[in-house]
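Next up: just one chain, as structure tokens, the form predicted on its own.
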Amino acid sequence: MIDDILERQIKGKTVFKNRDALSPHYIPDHLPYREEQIEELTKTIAPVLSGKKPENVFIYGKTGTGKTSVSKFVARKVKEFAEKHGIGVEVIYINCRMHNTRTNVFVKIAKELRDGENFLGLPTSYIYERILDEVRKRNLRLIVILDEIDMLKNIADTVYSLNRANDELETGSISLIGISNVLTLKDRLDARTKSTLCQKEMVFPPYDAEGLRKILTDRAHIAFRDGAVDPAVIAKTAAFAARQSGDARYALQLLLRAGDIADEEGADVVTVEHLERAKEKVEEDIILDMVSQLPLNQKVVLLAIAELAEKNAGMRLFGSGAPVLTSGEVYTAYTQLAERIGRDAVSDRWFREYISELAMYGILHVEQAGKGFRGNTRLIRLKFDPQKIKAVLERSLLN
């Protein structure tokens, strides 16, 4: 088996022409079905070209709606245009999951501006001043993209510091694009942070099946060899993803995994059968990855649900045979778990908000209870293997 794998690698037999084109990090030259958002964001950023500080932008929407791709695409185009006209524009992209403190964000910015200079271990105030020095010296219009901004441990301090930097700059400017898939994030920000970050808000709607089909057709043309994908695969992948809240990232991962399976079998064409097998693998991979990246409080809530489901607690509804829990018993289990791991439990209001968001992500099935239940009781079912969910959460919460 190993020899077969290595032999295929040497011979280079593959359905792919450019596999990277299906990566979520790949930014194509054309982003179909996001023309309106591209135009709006471009108009918002464009004032940097005339020396003005543009509004900060807060972009939110579900996973896979093109928020990051559009932000990178527009910022890149603005920078390219600026370079042709001798205007100093710099774009720095920061994933706040990897750089989740104010100091880490400042270090990332300073290293990008100063050719990889090492700032680790230096005072945050010193790093901040070096950023301002560089912006002044180069009369720089700096655009900072803070992706997954909800993962920052101190959003308010980070955003406030970067925004207030403009009061200290005689030349140049710093503007922010904050990106989040937590639709209610702005409601959690204090008034000061709202006024600095949320000067302009954009909501990216999910893609429909037609939009997904167009995206997949364009990417498949770049990613696969001619004739290497059955046309039915594109249509079916788009349909699958449309049912998954219009998630383009999910669609691309499906197509990528189907191609990998075709390569593993030495097939010349990616078929619907390859896609069906890819679907099982990708759905589990995506949900487990999403779970590992949830905000801390949501992780604790979800772990409480997984522990109850693993114990086979709850009723049997929804026709699935899976245990169904009431919001009351989940909240009780959640408060007990929070105490056990040394965290303060959130209020019932925020608990209900977290449950709604977990349902929005497709991790839970939630519906309002009918007659026979008290007040606003909701019925909750975990849609994935509780043991796998629990294992992922315990690694990040209990180790």
Ligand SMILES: Nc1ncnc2c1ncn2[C@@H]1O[C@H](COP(=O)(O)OP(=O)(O)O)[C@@H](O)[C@H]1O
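For every residue, the number given is its place in the sequence shown, counted from 1. This structure is a prediction, so every number in the text was calculated from the model and none was measured.
Keep in mind that the form predicted together with the ligand is not shown, yet the notes after this line are about it.
Out of the listed residues 138, 249, 194, 225, 249 is the one that sits within 4.5 Å of the ligand in the predicted bound form by at least one heavy atom. Within this chain, residue 44 is remote from the site of the ligand in the predicted bound form, having no heavy atom within 4.5 Å. In the predicted bound form, the ligand sits within 4.5 Å of a heavy atom belonging to residue 215. Within this chain, residue 350 is remote from the site of the ligand in the predicted bound form, having no heavy atom within 4.5 Å. Interface residue remark: residue 31 is counted as part of the site for the ligand in the predicted bound form, having a heavy atom within 4.5 Å.
Residues of just one listed stretch (273-281, 288-296, 249-257, 124-132) have heavy atoms within 4.5 Å of the ligand in the predicted bound form: 249-257. With contact defined as any non-hydrogen atom lying within 4.5 angstroms of the ligand in the predicted bound form, the contacting residues in 46-71 are 62, 63, 64, 65, 66, 67, 68, 69, given in sequence order.
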